[in-house]
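So this first bit is one chain, no partners, the form predicted alone, shown in structure tokens.
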Amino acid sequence: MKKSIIYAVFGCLIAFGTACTQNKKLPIYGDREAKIIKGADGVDRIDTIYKTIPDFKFLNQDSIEITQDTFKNKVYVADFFFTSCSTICPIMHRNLKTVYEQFKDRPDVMFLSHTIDFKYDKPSVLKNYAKKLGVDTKKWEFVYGEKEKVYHLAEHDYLVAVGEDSTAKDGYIHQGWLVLIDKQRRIRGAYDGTKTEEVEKLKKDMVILLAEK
């Protein structure tokens, strides 16, 4: 997916999400398909199947392998960053930490930050980064993985543009989206982590999502 398309997609998603939130139920983003499901009564019914975040396997800041099961039955916020970023990452994570502080006592809420710097951001670097940020890594995981896997997950599943760029100040480019994922691993919102008003909207939407049955 081209980066220009990704920008346009999430711009529309945010506008659409704002309208839907007023109805106290967040939209579900991504591709969907209709399938015929046979009920217990033997009657065929049409059910909508939504795109979900696929299975994954990464090393966290403690060099422990974690998978999607770490986030089973959790609402979580995902983002893509790198520790040496001097542009948007410090702002993103400073803002995201305010979300963490609000929800850190909720056992059904987690945070997941993927580094896009596969050369430098090994687990020990991520561990030091988390320590400086001042967060509990059992609640907020920082993960490292192979370039191809992380970049594919970012662009094809979370719809976040990432990449290496020798002309960029820090050698990488990425968007500052904070992506809200529900307990069924579906995308329920995307928010510009560099903007305070967007992060405040994320907080409100998380309350709505956590109240869904």
Partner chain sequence: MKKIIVYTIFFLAIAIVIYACQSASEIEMSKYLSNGKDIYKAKCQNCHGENGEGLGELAPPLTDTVFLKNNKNKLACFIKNGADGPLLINGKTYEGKMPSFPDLHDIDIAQVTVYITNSFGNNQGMYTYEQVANDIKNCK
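Residue numbers count along the first chain shown, from 1. Only a predicted model underlies this, so the values are computations on that prediction, with no experimental measurement involved.
Just so you know, the form predicted together with its partner chain exists too; it's not on screen, but the next bit is about it.
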Which one, Lys169, Arg32, Arg45, Lys57, lies within 4.5 Å of its partner chain in the model of the complex by heavy atoms?
-> Lys169
Indicate whether its partner chain has at least one heavy atom within 4.5 Å of a heavy atom of Thr98 in the model of the complex.
-> no
Lys72: heavy atom within 4.5 Å of its partner chain in the model of the complex?
-> no
So in the model of the complex, does Ser86 come within 4.5 Å of its partner chain, heavy atom to heavy atom?
-> yes
Spell out, yes or no, whether the shortest heavy atom distance between Pro90 and its partner chain in the model of the complex is within 4.5 Å.
-> yes
Candidate spot Arg94, Tyr129 and Lys132, all three touching its partner chain in the model of the complex (heavy atom, 4.5 Å) = yes
